[in-house]
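There is one chain below, alone, in structure tokens, taken in the form predicted alone.
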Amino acid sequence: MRSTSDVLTDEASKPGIDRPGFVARHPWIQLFAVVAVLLGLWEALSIFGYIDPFFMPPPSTLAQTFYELLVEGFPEEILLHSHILVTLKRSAIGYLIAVALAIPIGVVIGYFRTLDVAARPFVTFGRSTAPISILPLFIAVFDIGEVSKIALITFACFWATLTNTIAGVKFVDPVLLRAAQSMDTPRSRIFAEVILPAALPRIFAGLKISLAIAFMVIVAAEMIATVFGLGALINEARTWFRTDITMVGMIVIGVIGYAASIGLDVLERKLMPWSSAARDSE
């Protein structure tokens, strides 16, 4: 008579049975392991003199600087959480305004071919314009306060979201449209139940690109006439030759952007469960 262990061994060896390992089931462990190895290598190279600690401070120094920013602040005793909150506020307002404007406009332009042809030169010109080059104009129009910084983020995020929304609506699979039309589905229902869901993947691609643009632009915007915000923190650190503070500011911006991107991924899975199911089945 065969033992239980023999039966389990035979089942595990059958072809077609996918049994991922512990690391595959917990991808965060793999991520933390890679980060730990890279940080350890970075620290070791700094200790043995292969990396200049002034230009690239080791992780131990950055951790100490991070604590210093939390409890003592910089500049003028402004604590790190104050910089983070100001940057998040500016970025969120500018980003949300851009999304609220770009998605409806993009849907309308993408749906009507005449509008698409007429708007194409303006869209191409807008997305080809470097947002930083517009900053002096925004300062002249809105002054150097909060409005000019938020307007710059809105301008920068608007075009990526608009372009992807237009493309998402334009390039819906014609098979889906013909299938809906063959069942005499009203145009309003085709738009709401076929075109918009089919356009969501491209729209979310635009949202993610715009999110990355927002965090790039905010650094430049906060370097003008302010001491609040992560961009201002990095600028002040540059003035005082504090490369450790500069790197901490960059890392914090990267972590915030990464967390925001994960939030968009979660929202995407909620709105498009069919898409995540298709990816899981691959």
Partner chain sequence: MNQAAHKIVIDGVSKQFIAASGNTVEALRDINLTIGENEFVCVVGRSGCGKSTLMNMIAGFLKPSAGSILVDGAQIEGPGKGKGVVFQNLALFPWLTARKNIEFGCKQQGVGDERRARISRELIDLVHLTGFEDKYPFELSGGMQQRVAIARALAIDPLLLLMDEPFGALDEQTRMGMQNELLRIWSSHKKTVIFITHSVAESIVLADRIIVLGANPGHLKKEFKVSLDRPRDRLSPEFVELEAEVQDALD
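Numbering follows the first chain given and starts at 1. Remember, predicted model here, so these are calculated numbers, not experimental data.
We do not show the form predicted together with the partner chain, though everything after this point is about it.
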{"query": "is_contact(L79, the partner chain) in the model of the complex, heavy atom dist at most 4.5 Å", "finding": "no"}
{"query": "Distance check, E72 to the partner chain in the model of the complex, heavy atom within 4.5 Å", "finding": "no"}
{"query": "Touches the partner chain in the model of the complex: D184 (any heavy atom, 4.5 Å)", "finding": "yes"}
{"query": "Partner contact for E193 in the model of the complex: the partner chain, 4.5 angstroms, heavy atom", "finding": "yes"}
{"query": "Stretch in contact, per heavy atom within 4.5 angstroms of the partner chain in the model of the complex, of 104-112, 176-184, 90-98, 136-144", "finding": "176-184"}
{"query": "Heavy atom within 4.5 Å of the partner chain in the model of the complex - the one residue of A167, A212, I132, A198 that qualifies", "finding": "A198"}
